[in-house]
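Starting off, we have a lone chain in the form predicted on its own, written out as structure tokens.
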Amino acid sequence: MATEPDNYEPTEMPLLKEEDGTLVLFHPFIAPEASSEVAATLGSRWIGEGPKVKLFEKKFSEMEGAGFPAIATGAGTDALHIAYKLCGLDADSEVIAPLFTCTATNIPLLHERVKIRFVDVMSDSLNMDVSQIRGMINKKTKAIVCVHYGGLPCGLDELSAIEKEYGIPVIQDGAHSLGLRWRGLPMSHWSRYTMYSFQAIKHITTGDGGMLIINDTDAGLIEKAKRLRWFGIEREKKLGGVWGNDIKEIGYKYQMTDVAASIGLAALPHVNSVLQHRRNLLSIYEQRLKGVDGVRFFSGAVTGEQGYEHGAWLCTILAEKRKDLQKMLYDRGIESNQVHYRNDRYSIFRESAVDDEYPNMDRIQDNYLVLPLHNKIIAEDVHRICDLISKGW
């Protein structure tokens, strides 16, 4: 049964102050060139959506989007909502979606009044169990949403096969997954819609922002996405003086600004080094925590021959007496937390989980813990954390 939110014990601890000796859980990456990029934009005609947004879309598509059309937005959630609108969802629709994810994945579905069908996590990761999906599909199923938790790929072969077999669009929430490669190809190769996030603590940031990659040659679909991003207006025609001065569909104010795009453009040349740094740290965690009593590394294999390149956004472990471990680390100046939670703990999703059971999530919901992994963390910090964990708690 779904967990009752009122009975769910709080799991978070206060944020640590960032000072000498403390290791915080997250820290934004800002490229050294960002200040000059932003200053140039602030001195230009365009600080809202303008040429920098177009350039960021082009360069990001070349890097992560396999050349497919890219739509920059004010947040990753905006990009997801546009994708959901493009799928034509309504109150008679069902959408198969992960139980365990940031609420940003599923909240836009509530705005479309769809019935959400939650999928339990896998027993060896916090990714959704894609083996359950075929048995959940019915004539009302209009979309499937997946998340690659922490940067670990989630069943892309099966999801791609389902999309082709049933004609049901798959939307990838790639908020954790910049740089993830499956069989040598970027995520956007494997489904019709892929969202990337540039929220403050992601691999790279634009302050806040998102990108929707559309793996489709339908020009009408691309143009509709652009209209939905800006009130339902054909913005380029309006700026060119040839707009018919009519709005025929309800849109949103979901565009990215040139100020934000400037921060993103400065970060793009650093993506490979950022990813390599995070993968190196995650690999140390993997090796150091192997065999430690009471701990299980839960972020998927980072090294070896797995057929993928890990996105390395989070380091997650399962720990016995997780709260005791979390407090021990906190008392020694190391921040950790659970970060995301099963969505059925929240009242807004309660109707979506009536009479459903999620045994894998039930077993691990109190035991997973996220450890620091970001650009300010170095190898010595990871060894320090692992040394403390190895000594017990």
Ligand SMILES: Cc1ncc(COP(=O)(O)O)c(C=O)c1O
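Since this is a predicted model, take the numbers as computed values, not measurements. Start at 1 with the first residue shown and count on from there.
The discussion below concerns the form predicted together with this ligand, not included here.
Across the options 183-191, 282-290, 199-207, 299-307, residues that bring heavy atoms within 4.5 Å of this ligand in the predicted complex belong to 199-207. Proximity to this ligand in the predicted complex, defined as a heavy atom within 4.5 Å, holds among Val147, Val121, Ala83, Ile144 only for Val147. Just one of Ala175, Ile171, Ala260, Leu212 comes within 4.5 Å of this ligand in the predicted complex, counting any heavy atom, and that one is Ala175. This ligand in the predicted complex comes within 4.5 Å of a heavy atom belonging to Thr77. Using a 4.5 angstroms threshold between heavy atoms, Met195 counts as touching this ligand in the predicted complex.
Using a 4.5 angstroms threshold between heavy atoms, Arg345 stays clear of this ligand in the predicted complex. Although the partner is absent here, Ala104 is a contact residue: one of its heavy atoms lies within 4.5 angstroms of this ligand in the predicted complex.
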